[in-house]
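Read the single chain below, which is given as structure tokens and is the form predicted on its own.
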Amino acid sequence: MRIDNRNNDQMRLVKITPNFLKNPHGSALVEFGDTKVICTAMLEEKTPSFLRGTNQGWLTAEYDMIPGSTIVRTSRDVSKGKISGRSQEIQRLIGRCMRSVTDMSVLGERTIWLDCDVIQADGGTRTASISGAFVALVLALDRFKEELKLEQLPVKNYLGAVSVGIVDNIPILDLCYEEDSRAMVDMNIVMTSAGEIVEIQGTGEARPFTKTELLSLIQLSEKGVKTIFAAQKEALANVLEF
């Protein structure tokens, strides 16, 4: 058994609370076990300069961890005078994953800002952020459905992300921090509810991994995202039509 008594193919408890905050156009608190992230979505009436005059919308993301989210205080990026490489990598990941399932052409020249703030970290913060940001995005789009004259929301599929890895030569699903810190192979997989893979980030931390191991990790992730999709559908009941 694992440190938290889960089976190797078992997710932590996944919980998504929609409309968690009052002011954003869409928001969600997402919990993967002890990892907790507040995700918000807000619509802005302008686009980046490279899209001006195209009648094309844009979607972008920002990611950060509050100082008390970790056992040892995490310094804010703003106090360092620049965004950390890790934060930049994760927010770019969130943005491009959301764009992969969203039709930007129906937004007009508007930008959707997704903000993911980790309030408690215990592994899988980027995967929780992606899974929660999707809910916040859909809620924001639904809020502006009439104003944007949308017959249906411009979202193609549900989107979820999960971590998998090899610890002590055993493939496991949804790594907590203790498992992630000693993983031989560490991987994050983003998938749609249609079974399509959006992104795979995989690294041999202590050793290379084989094609057979890669396939086993993908199969684990397929099982994990089903749990995430179920939580998303519960949070978005009567909002998405599929």
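One rule holds for the numbers: they count along the sequence shown, beginning at 1. Everything numeric in this text was worked out from a predicted model, so none of it was measured.
What follows is about the form predicted in complex with a further copy of the same chain, which we do not show.
Handout entry: The unique member of Ile166, Ala121, Ala140, Val155 whose heavy atoms fall within 4.5 Å of a further copy of the same chain in the predicted complex
Key = Here the answer is residue option Ala121.
Handout entry: Interface segment, criterion being heavy atoms within 4.5 Å of a further copy of the same chain in the predicted complex, picked from 130-138, 146-154, 167-175, 72-80
Key = Contact criterion met by 72-80 only.
Practice task
Could you confirm whether Gly53 comes within 4.5 Å of a further copy of the same chain in the predicted complex, counting heavy atoms only?
Solution key: It does not: once a further copy of the same chain is placed as it appears in the predicted complex, Gly53 has no heavy atom within 4.5 Å of it.
Practice task
Mark Ser84 yes when one of its heavy atoms lies within 4.5 Å of a heavy atom of a further copy of the same chain in the predicted complex, and no otherwise.
Solution key: Looking in the predicted complex, residue contacts with a further copy of the same chain include Ser84, since a heavy atom lies within 4.5 Å.
Practice task
Check whether Glu31 has any heavy atom within 4.5 Å of a heavy atom of a further copy of the same chain in the predicted complex, and answer yes or no.
Solution key: Taking the distances in the predicted complex, the answer for Glu31 is no, it never comes within 4.5 Å of a further copy of the same chain.
Practice task
Find out whether any non-hydrogen atom of Ser181 is located within 4.5 angstroms of a further copy of the same chain in the predicted complex, and reply yes or no.
Solution key: Result no; Ser181 lies far from a further copy of the same chain in the predicted complex.
Problem - Site check Met42, Asp115 and Gly202: each within 4.5 Å of a further copy of the same chain in the predicted complex by heavy atom - result: Yes, the whole candidate spot contacts a further copy of the same chain.
Exercise for the section: Note that a further copy of the same chain is not shown here; using its position in the predicted complex, name the residues of 92-106 with a heavy atom within 4.5 Å of it, in sequence order. Expected result: Read in sequence order, the residues that approach a further copy of the same chain (within 4.5 Å, in the predicted complex) are Arg92, Arg96, Ser100.
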